[in-house]
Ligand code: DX5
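The chain below stands alone, shown as structure tokens; this is the form predicted on its own.
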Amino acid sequence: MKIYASLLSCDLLNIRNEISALAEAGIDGLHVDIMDGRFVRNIAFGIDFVKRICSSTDLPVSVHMMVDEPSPFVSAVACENVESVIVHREISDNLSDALNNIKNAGLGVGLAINPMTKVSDIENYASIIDTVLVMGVHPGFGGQTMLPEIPDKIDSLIAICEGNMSISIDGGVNSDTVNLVRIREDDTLIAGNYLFERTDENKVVGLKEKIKTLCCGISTGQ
């Protein structure tokens, strides 16, 4: 099980130091959101930002495109340490084309589903998906509480994955909700506000403790 840090919640004026502290604390990777103000009611991070993040770290980066038309941006974010690009099942753009564009760029293919989207809605795309990202909150803003139906949704997703796809959970991941969800060895928790909220400890020490708490709190299942 891996822990990724969502940079949406970090101190953007101090981001280089934030990334350095995360790396020293043992984070497994970084998660970067791109928002267009259309698919979600927020605007965040662009292509140049992703490239700068990649140039400042050796950590693997997953790029989460909360945009209506992701296809034109796939090749632009294919930096050396971008390991995957995630697009949404709910987009108005041609989803099959977007997924194939990601695959053809040599990147991991991710498909995100919003809280109201049924797990069965991904079945037609299962042959090309590497990772399913379950939104634990309504997308667009950090600091939300994980919705109560999400643990059951993850259980349903595990039942149909059959080892072919990994699962990522994004939104509302913290020391409380981690005890409610069941994921597997190859799956990923994406934490934002929980990791970056203020702590009285040394930054790296505090991050290490939070990462440890998430790893110890998760219940695993095959």
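Everything numeric in this text was worked out from a predicted model, so none of it was measured. Residue positions are given as counts along the sequence shown, with the first one as 1.
The form predicted together with the named molecule exists for this protein as well; it is not shown, and the discussion that follows is about that form.
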**Report entry** Full three-residue contact with the named molecule in the model of the complex, heavy atom 4.5 Å, for 29, 85 and 107
**Finding:** no
Report summary line: Answer among 49 to 57, 166 to 174, 151 to 159, 179 to 187 for heavy atoms within 4.5 Å of the named molecule in the model of the complex: the stretch 166 to 174
Query raised in the report: With the cut-off set at 4.5 Å between non-hydrogen atoms, does residue 144 touch the named molecule in the model of the complex?
Result: yes
Query raised in the report: How about residue 192: is it within 4.5 Å of the named molecule in the model of the complex, going by heavy atoms?
Result: yes
Query raised in the report: Can you check whether residue 20 is within 4.5 Å of the named molecule in the model of the complex, heavy atom basis?
Result: no
Query raised in the report: Does residue 66 reach the named molecule in the model of the complex if we count a contact as any heavy atom within 4.5 Å?
Result: yes
**Report entry** Heavy atom within 4.5 Å of the named molecule in the model of the complex - qualifying residues of 1 to 29
**Finding:** 6, 8, 9
